[in-house]
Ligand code: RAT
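Here we start with a single chain on its own, the form predicted on its own, put down as structure tokens.
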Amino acid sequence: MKKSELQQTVSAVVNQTPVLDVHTHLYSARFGDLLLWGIDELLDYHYLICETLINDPTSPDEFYAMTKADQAELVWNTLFVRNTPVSEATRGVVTTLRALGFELEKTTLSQVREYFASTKVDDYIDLVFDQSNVEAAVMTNDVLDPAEQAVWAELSERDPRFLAALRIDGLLNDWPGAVAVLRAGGYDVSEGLDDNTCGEVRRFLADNAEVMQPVYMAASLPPTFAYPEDSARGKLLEKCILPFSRERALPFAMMIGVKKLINPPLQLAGDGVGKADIGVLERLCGGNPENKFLVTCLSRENQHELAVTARKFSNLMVFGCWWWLNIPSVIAEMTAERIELLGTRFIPQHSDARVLDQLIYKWSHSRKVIADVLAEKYADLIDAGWTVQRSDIERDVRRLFSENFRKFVGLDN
């Protein structure tokens, strides 16, 4: 292939290849109100809330006392009427509305609301998956959330596009709170984490895994996360999570680096970022070779060391540009760095979508950046003397967008 043909060919392949979105906060329609969708939810996204409250004198307390519709009005007027929507989060709303057919210069918030009021959720799920070219999305399924557990208890039919992930943040980050929930569910546990308690925790995980059929376990962890560690989290990890993961061949996904509520009044919008200790992963991967770990880190400063570590351990799969890293300039840097160190053995992106509509813009924006980086790397390869065929590009993009994940978690077995 000639270098002059590369950009067009790579862009076409990247846009045509379906993606398996390995981490979202979405749900199927069977989960009712847990699935967030529509313009008010899109505008009430915590990225936009945070951006609104640094541009408007409304206080966090005043904002959260408003109805959802009034919150959305304030976000719209602040970020799209009184300001130019040039940030990544606001541009994402523009991309989404344009993809849905709105002429933005002539569109009012009321008109967008009318569109969603007349749209059925099942039809909209089909539309969004088609627009974003997403073949499946992995949910976040909190084992301690009573609202979600009530749905699982009654769920008789599953949408195959929505895969489960067994989320265990509450177990690892708030063990006393988890004890109360497990006891209420009939599990004989104590805060002391004796052998009986650890057995009951593993039984709890097994019971939930039986119902959910998850593709992995997952937890969001602070930058201070350590291993080994003489703490409730350290003991749970060593005595419960790692053995269960190993026995079930169920990978453990770790999202490391979030500093919870650095500005508490902002609620979900108030979380920050901190640099993690990648030595933790070296010890986890090296000391537990039969376990598999999916890992993403929130700090940009962690990315090089994380990629180097992934070169050393085949039981470590790096994935995505998480949260505050999900901006084009950083995605480009991280993707190039990973290709240069790992070839195509990584998962370049996940949407982390909390609102269904976000699949449209998050994948549209990411595909463009990924295509640009790939085209540059293929051009370098041609300059070095290698012939690049379209079939090579198609194979590489399939691996990056779905096959690496499927193989690592055993989805195709």
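None of the values given here were measured: they were computed from a predicted structure. Each residue number is its position in the shown sequence, starting from 1.
Not pictured, yet referred to below: the form predicted together with the named molecule.
- A single residue from the set His46, Arg30, Lys368, Lys68 has any heavy atom within 4.5 angstroms of the named molecule in the predicted bound form; that residue is His46.
- Only one of the listed residues (Glu41, Asp352, Asp56, Asp372) places a non-hydrogen atom within 4.5 angstroms of the named molecule in the predicted bound form, and that residue is Asp352.
- Although the partner is absent from this view, Lys292 stays clear of the named molecule in the predicted bound form, with no non-hydrogen atom inside 4.5 angstroms.
- Contact between Trp175 and the named molecule in the predicted bound form is not found at the 4.5 Å heavy atom cutoff.
- Although the partner is absent here, Arg338 sits far enough away that none of its heavy atoms falls within 4.5 Å of the named molecule in the predicted bound form.
- Interface residue remark: Ser220 is counted as part of the site for the named molecule in the predicted bound form, having a heavy atom within 4.5 Å.
- Of the candidate stretches 86 to 94, 321 to 329, 155 to 163, 209 to 217, only 321 to 329 has residues with heavy atoms within 4.5 Å of the named molecule in the predicted bound form.
- Along 21 to 43, a non-hydrogen atom within 4.5 Å of the named molecule in the predicted bound form is carried by His23, His25, in order along the sequence.
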